[in-house]
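Taking the form predicted on its own, here's one chain by itself in structure tokens.
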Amino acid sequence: MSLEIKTNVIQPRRHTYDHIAKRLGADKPATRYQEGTWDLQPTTNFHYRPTWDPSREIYDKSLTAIEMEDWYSFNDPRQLYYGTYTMARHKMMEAEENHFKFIGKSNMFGLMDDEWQQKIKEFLLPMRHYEWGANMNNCDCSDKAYGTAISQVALFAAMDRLGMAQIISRVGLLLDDSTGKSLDQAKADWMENDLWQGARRMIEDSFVVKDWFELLVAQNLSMDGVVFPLFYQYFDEAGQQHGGAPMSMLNEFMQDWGKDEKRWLDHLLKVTAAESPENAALLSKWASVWTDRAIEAFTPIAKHVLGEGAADVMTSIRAEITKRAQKSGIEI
């Protein structure tokens, strides 16, 4: 008995959804990112206004002073939607987990100078509270932002910040043999140590910023623009002289994430600033104010770790933020 298997090719009647076709063109195949992003946010047929502010719509363009003709003119250059985002972060965290296992088995932290281990407890572990604040701020941006293209990148960033807070917490457990004492001290430092009060005050002030786009600039351009080069580049380089190679391995996630984050943020700022002179002026104002605050807040910590070299480092960091902003059409 023989079987003959035939195949039939069924041509789809349509290749995409109507709301995608309006942007892409008549019935052209769309990418997964486009299908998972464009015009997904509801715009009509709401049953109630938000209880926290009945004068607003649930999705309200007036929640920011920034004005865009089309809030979907921004597209993530990484083309991340939920599926690709989770796969990308799984790969990064898998590498980070291997670093923790290797360092734990080989007791590499024992090779670090005792003085530098103490320095790490003082300058890095309180950052877990900064990362929690960054999570809160990006959640707020995602909640209030208009358009899925922006709200989803903000939410991805928010979840990443919890991951980095966990990485920092695990570093503390490695340093104190899993007693948790170093994390308790880190919280006390965040709440009471003079070194951290500028940063703490800045984060707490950001919690009450009403304009979500200003908050996005404050957190992701200005604050992070200081934190990531300072903590994961300059502090990391300083640690090399004290046997700090294990920390370089554990900092890899934050270093890679910071580079990845710049891609969507700089593009978003560029698209927004190019929309109108009014947008560019607002972005410039916000970036200037919050960059000054971030530099001031983290200068005492830089001096504590880098000593006399701190001034040059902070000058370099400010110049880098200014250069990034200028490429996006923003003047600081």
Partner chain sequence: MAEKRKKKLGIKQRYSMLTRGLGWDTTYQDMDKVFPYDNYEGIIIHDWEGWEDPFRLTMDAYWKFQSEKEKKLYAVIDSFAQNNGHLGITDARYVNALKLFLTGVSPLEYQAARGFTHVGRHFRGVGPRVACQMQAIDELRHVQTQIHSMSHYNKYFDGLHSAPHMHDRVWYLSVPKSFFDDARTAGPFEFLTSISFAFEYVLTNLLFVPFMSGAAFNGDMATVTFGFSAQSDEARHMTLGLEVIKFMLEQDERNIPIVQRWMDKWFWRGTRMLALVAMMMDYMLPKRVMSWREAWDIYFTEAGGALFADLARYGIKPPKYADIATKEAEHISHQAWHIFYNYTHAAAFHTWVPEKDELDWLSEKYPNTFDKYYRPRLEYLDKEEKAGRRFYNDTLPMLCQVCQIPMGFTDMDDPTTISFEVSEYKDDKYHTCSLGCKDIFDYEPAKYVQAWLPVHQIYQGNCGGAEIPDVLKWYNFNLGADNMEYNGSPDQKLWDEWQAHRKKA
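Numbering follows the first chain given and starts at 1. Predicted model only: the values in this text are computed from it and were never measured.
Unshown form predicted in complex with the partner chain; subsequent notes refer to it.
J.: Taking the partner as it appears in the model of the complex, which of 130 to 138, 231 to 239, 218 to 226, 111 to 119 has residues with heavy atoms within 4.5 Å of the partner chain?
T.: Stretch with heavy atoms near the partner: 130 to 138.
J.: Quick one: does A245 come within 4.5 Å of the partner chain in the model of the complex, counting heavy atoms only?
T.: A245: no contact with the partner chain in the model of the complex.
J.: I'd like to check something about A274: if you look in the model of the complex, is any of its heavy atoms closer than or equal to 4.5 Å to a heavy atom of the partner chain?
T.: A274: no, not in contact with the partner chain in the model of the complex.
J.: When the contact criterion is heavy atoms within 4.5 Å, does L250 count as touching the partner chain in the model of the complex?
T.: Flag for L250 set to no.
J.: Taking heavy atoms only, is K61 within 4.5 angstroms of the partner chain in the model of the complex?
T.: No - in the model of the complex, heavy atoms of K61 and the partner chain never come within 4.5 Å of each other.
J.: Considering only 134 to 160, what residues come within 4.5 Å of the partner chain in the model of the complex, judged by heavy atoms?
T.: Read in sequence order, the residues that approach the partner chain (within 4.5 Å, in the model of the complex) are N135, M136, C139, D140, S142, D143, K144, A145, G147, T148, S151, Q152, L155, F156, M159, D160.
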